[in-house]
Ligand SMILES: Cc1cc2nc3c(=O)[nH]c(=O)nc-3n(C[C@H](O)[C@H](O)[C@H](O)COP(=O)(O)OP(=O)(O)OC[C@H]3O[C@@H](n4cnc5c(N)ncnc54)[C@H](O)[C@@H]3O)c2cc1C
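In the form predicted on its own, a lone chain appears below as structure tokens.
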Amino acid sequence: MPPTPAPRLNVKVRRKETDGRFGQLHLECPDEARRAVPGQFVQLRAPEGRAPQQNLLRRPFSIHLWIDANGDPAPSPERIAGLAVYFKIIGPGTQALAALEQGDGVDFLGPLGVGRDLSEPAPDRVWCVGGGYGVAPMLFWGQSLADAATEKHLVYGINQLSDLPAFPSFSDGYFHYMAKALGMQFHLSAVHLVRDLFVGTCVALLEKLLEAAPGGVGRDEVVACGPMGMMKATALVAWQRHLPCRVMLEEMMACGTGVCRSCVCPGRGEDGSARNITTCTEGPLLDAARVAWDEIG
């Protein structure tokens, strides 16, 4: 179990983006950011007076990016000055966070959970599959491989065009722009008919891309985040092709420290025996084979 960091009550907002449906906060926390790895998450809460009284718990958010002192994606480890989070604005808690402005403080706990070991060998090719706002940590995965000779693909699935953020600073489409900036090839699918897009799920698009991918690459891997059904289908596609697959579970992690057990997921031990997995401390990043998919919806 990873150690639980001490909470900080006044991490500053360096930059904010919102279109009224989605929000993004860039947070000034250099020490915490330099410890963070892809797959981990943070817990956030708007400060007293900005958050509703019933908002007693911090909200969990996957880490979106390392940022530099200007609020842009950090180009190298020595330039890391903070973290970015991306979220859908749903209820009072996320509405309060989206209302924060530059210089405001945030109640912050993190980084939390288990993520990618940055010392592990980089793959030859990686397929980062994000369903809905499960795409948020996929850019961080690509960013962490910036110095590796890895062919990086971002496969992003939406239902319709209104599911894409329309941040004012990114007229060319936020995820398309950021993927290109991070050296990732961008592939977008939509379930409902959208002109010039692949029609179907991101898993179907992944299958098509894998079929067309040139052979000879020795170490491909798949990493996925999104709805459980989408991750289950992605894991099956990878298993059929003998590709390693990891998933980032999105259970509701109320405390983030393994105490409340609200994020327990049916899983398997290393010996294959049935056991529950506490997502916030054993995950969120897990080998897909450790999840008992048949017991999940």
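For every residue, the number given is its place in the sequence shown, counted from 1. No experiment lies behind these values; they were computed from the predicted model shown.
FYI, the form predicted in complex with this ligand isn't displayed, but the following is about it.
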item: Partner-facing stretch of 132-140, 172-180, 101-109, 148-156, counted where any non-hydrogen atom is within 4.5 angstroms of this ligand in the model of the complex; value: 132-140
item: K88, heavy atom within 4.5 angstroms of this ligand in the model of the complex; value: yes
item: is_contact(T94, this ligand) in the model of the complex, heavy atom dist at most 4.5 Å; value: yes
item: Proximity of F41 to this ligand in the model of the complex, heavy atoms at 4.5 Å; value: yes
item: R59: touches this ligand in the model of the complex, heavy atom cutoff 4.5 angstroms; value: yes
item: Sole residue of A36, A235, A46, L249 within 4.5 Å of this ligand in the model of the complex, by heavy atom; value: L249
item: Among the candidates M231, L65, M253, L27, the residue which, in the model of the complex, approaches this ligand to within 4.5 Å (heavy atoms); value: M253
